[in-house]
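Given next, in structure tokens, is a single chain: the form predicted alone.
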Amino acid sequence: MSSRECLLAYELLQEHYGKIAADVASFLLQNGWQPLRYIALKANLKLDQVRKALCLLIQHKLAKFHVRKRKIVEYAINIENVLSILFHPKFIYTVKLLYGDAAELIVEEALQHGIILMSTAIKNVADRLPDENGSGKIEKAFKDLVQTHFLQREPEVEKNEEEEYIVPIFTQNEADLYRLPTLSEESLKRKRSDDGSDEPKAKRLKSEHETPSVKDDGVYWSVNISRFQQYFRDQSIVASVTQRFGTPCGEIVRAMLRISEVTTPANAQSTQPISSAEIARSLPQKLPMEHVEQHLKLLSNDEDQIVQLFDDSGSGGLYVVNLKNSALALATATVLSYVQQRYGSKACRIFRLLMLKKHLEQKQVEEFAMIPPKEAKGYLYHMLAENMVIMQEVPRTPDHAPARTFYLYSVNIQRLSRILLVKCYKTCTNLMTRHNHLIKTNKRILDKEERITAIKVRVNATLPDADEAQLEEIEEMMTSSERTSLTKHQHCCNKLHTAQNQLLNTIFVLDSYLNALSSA
């Protein structure tokens, strides 16, 4: 974990959860697992403030805890979930495209609450969508999100009263994370509540009729971040294959990923083996079997090995999408794009040559790249100074004399991905800081625009037939210079948001590649 990650996490937590929660998280990021009282003492905060901040962070799955042998509960920050706050708008937009407005609001409610009951989510969404016909459509959207694993069931918690400290114990099996409450669970719960009730039967039936039709069984749900990351990874792979091989190949890879999207674990190296006949049946636009097999052979013979032949027995054979090779191909393309934009096309040619040949001397680079020696030397030293290229000394004699030493240049994609990821975190922090500075600088104009908008809404509500003169008079409350400053502010904010969205794509590609290497 780098200092840039910690700084970005602090900025995100301060913006969304306040300064106290950010201070507690920053202390834990710097010191690792720590108990409650030690955090309060060293962070110079009140014990109650630290307790509330930790409860908030745990509820949103941004912090975690464990119990030591001496019955002391220690806390730490889940840095991956904290950094995923950057992708929350993308989560919401993705669900809206896939399942509609009701699912969008369900995910938004889940992100706002951290963990939430199914009935609470449906009730809140129904209040925000008065045009929906009851809660049936919203409940269906909720179940669709669970079935496709975008929402997951939170583990049940029991309290161990025998211990000196009440320790939560997780009792839910991992296989049940995407299981909706069944009728048997609901009936058992209703039976238990009825047996202990002293109310008349008619009154109980009336109260049951008034309660919502959704039964939760006390089960809480949360957003499955790894499932969203898997979906974004699949979209990146499809876009890369489509750009390189064309639309038919992209649709074939999309079909393979869609077939195994729910059955493939988040840290798997490849998808489940799929037959060519099953791939052909899953395509939205039917292609002849011969064309599907030709495209699969083309993909499997590519040097990147994104699609691999798993087994050639049977008709057509079985194919898999190698997720590790896909992550490497995307990260390599990102690094090459950075090198070309920063150092130029000739430097990118040298970089590609080093990737292909692994180790080369300076004279070999000049010959193979067909670049004048002076230019090649300048590009190599420039990239070497910025750690984009590695130089290794191979002495021929024990005295390490320069005249009798080989100087070999090489490239390490994994190392460069980490370097670029840290730079992306730094850039993202700078964008957020700049955006906050713009809002603070133009706060007076923004507040004035908000007041004018509120007045216009009030006038339109009370006087539906208001003439244009009244509305123009309201608009004139803001001077021309203020309106110019407001337009400039909005233009700068739009540019910052666009830059941040593009930066998030780079962060996701590099982070996915490094996670694939760590899970290998």
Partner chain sequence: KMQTDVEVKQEATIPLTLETEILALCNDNPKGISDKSLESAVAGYDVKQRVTAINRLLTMGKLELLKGSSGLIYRIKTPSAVGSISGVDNQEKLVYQIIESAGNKGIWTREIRYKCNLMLTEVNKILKNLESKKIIKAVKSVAAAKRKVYMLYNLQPDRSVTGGAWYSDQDFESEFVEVLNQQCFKFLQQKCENAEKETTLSPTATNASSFASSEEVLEFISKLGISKVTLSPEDIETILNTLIYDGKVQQTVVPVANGESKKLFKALKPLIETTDFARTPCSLCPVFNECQPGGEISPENCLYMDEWMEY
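Fair warning: this is a prediction, and the values are worked out from it, not measured in the lab. Positions refer to the first chain, counted from 1.
This next part talks about the form predicted together with its partner chain, which is not shown.
Using a 4.5 Å cutoff between non-hydrogen atoms, residue 372 counts as a contact of its partner chain in the predicted bound form. Not displayed here, its partner chain is kept clear of residue 42 by more than 4.5 Å at the level of heavy atoms in the predicted bound form.
Taking non-hydrogen atoms only, residue 338 approaches its partner chain to within 4.5 angstroms in the predicted bound form. In the predicted bound form, none of the heavy atoms of residue 225 sits within 4.5 Å of a heavy atom of its partner chain.
The stretch from 257-265, 140-148, 343-351, 276-284 that comes within 4.5 Å of its partner chain in the predicted bound form, counting heavy atoms only, is 343-351. Three-residue candidate spot 333, 431 and 505; every residue lies within 4.5 angstroms of its partner chain in the predicted bound form by at least one non-hydrogen atom. Screening 320, 424, 376, 411 for any heavy atom within 4.5 Å of its partner chain in the predicted bound form leaves a single hit, 424.
Listed residues 300, 294, 272, 119 were compared with its partner chain in the predicted bound form; 294 is the one with a heavy atom within 4.5 Å. Residues of 483-515 lying near its partner chain in the predicted bound form, listed in sequence order, are 488, 491, 492, 495, 496, 499, 502, 503, 505, 506, the criterion being any heavy atom within 4.5 Å.
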